[in-house]
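Take a look at this single chain in structure tokens; it is the form predicted alone.
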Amino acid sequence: MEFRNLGSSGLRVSAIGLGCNNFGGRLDLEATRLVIHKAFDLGITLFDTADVYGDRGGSETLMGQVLGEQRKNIVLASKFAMPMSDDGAKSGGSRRYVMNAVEDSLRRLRTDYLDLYQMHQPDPRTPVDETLRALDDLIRQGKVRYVGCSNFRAWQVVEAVWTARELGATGFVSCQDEYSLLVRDGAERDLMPAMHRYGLGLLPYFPLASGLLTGKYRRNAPMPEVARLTTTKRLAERYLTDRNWAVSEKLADFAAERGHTMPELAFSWLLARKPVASVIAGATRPEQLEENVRAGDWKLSDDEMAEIDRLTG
């Protein structure tokens, strides 16, 4: 397993991370245990969850029951800010909420600190300096080691960086955002230049475009049963466009000509893009984790990267 620094920080993470959104939802305790133990065996150290995963708290709760003594050997990341109640009262980035949310996550995860605590989405109701002061206090208390953000626009990332500097507070070291061979423009146009400038690491989610880049979907062919794009209409409407079908077919040919699979192309391309630190991918079976780890082994040449740009442009 390859390890990388998360941005300009000293935090080292495995190049392939485990997205834990299936735990407590699609996976029960024993299925969760199988996936987590396989991740240990494969050398995966970045475990990324959130308080809302697994029907609000379910993912963290099951992870707390499984991690045990291995907790000290991993980079445990969680998130806050998305609604933990139907009325939205338990959400956001206010000092009051942040202080309560971290205690809830620590309790569910059965740990006394988080390696990375990420703001899951911006909070327009709370000044960013209030959130950053609260997070800095958590770092000083030893409850959090590093902080990051997710789903922030480029200007919001820059605002947070400069606000932290003005306060003398610890700032974000990472951004977690959607980025893949099929979803490039937004991140590459605005977000990634800002991240380069200020030394933040990128943790891309949906690396396989919700499954379209797995290679198991074919245009004008029956959809696979019990698959995400088959059962989730909003995702199908978003990803199964004429443009995405055309690009994915070209990418499939590109990979096949070189003796590789679509996931191998998707993961390896991401790992070749700076400032990507780790590719976060979920898994429902241990075998999927093995595939994810193998997928990052292809070292693409400069000519291949240029050809991929042409195919996806």
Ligand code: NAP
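None of these values were measured; they are calculated from a predicted model. One rule holds for the numbers: they count along the sequence shown, beginning at 1.
Here the subject shifts to the form predicted in complex with the named molecule, a form of this protein not shown in this document.
Worksheet item: Of the listed stretches (46-54, 28-36, 65-73, 251-259), which one has a non-hydrogen atom within 4.5 Å of the named molecule in the predicted complex?
Response: Checking each option against the 4.5 Å cut-off leaves 46-54.
Worksheet entry | Output flag, 184, 241 and 269 jointly within 4.5 Å of the named molecule in the predicted complex, heavy atom basis | So, no: the whole triplet misses the named molecule.
Worksheet item: Contact between residue 198 and the named molecule in the predicted complex at 4.5 Å, heavy atoms?
Response: Flag for residue 198 set to no.
Discussion item. Can you tell me if residue 227 lies within 4.5 angstroms of the named molecule in the predicted complex, counting non-hydrogen atoms only?
Written reply: Yes.
Fill in: 4.5 angstroms heavy atom contact with the named molecule in the predicted complex for residue 211
Yes, residue 211 sits close enough to the named molecule in the predicted complex that at least one of its heavy atoms falls within 4.5 Å.
Discussion item. I'd like to know whether residue 108 contacts the named molecule in the predicted complex, with contact meaning heavy atoms within 4.5 angstroms.
Written reply: Flag for residue 108 set to no.
Worksheet entry | Interface residues of 1-39 toward the named molecule, as seen in the predicted complex [heavy atoms, 4.5 Å] | 19, 20, 21, 22, 26 sit within 4.5 Å of the partner.
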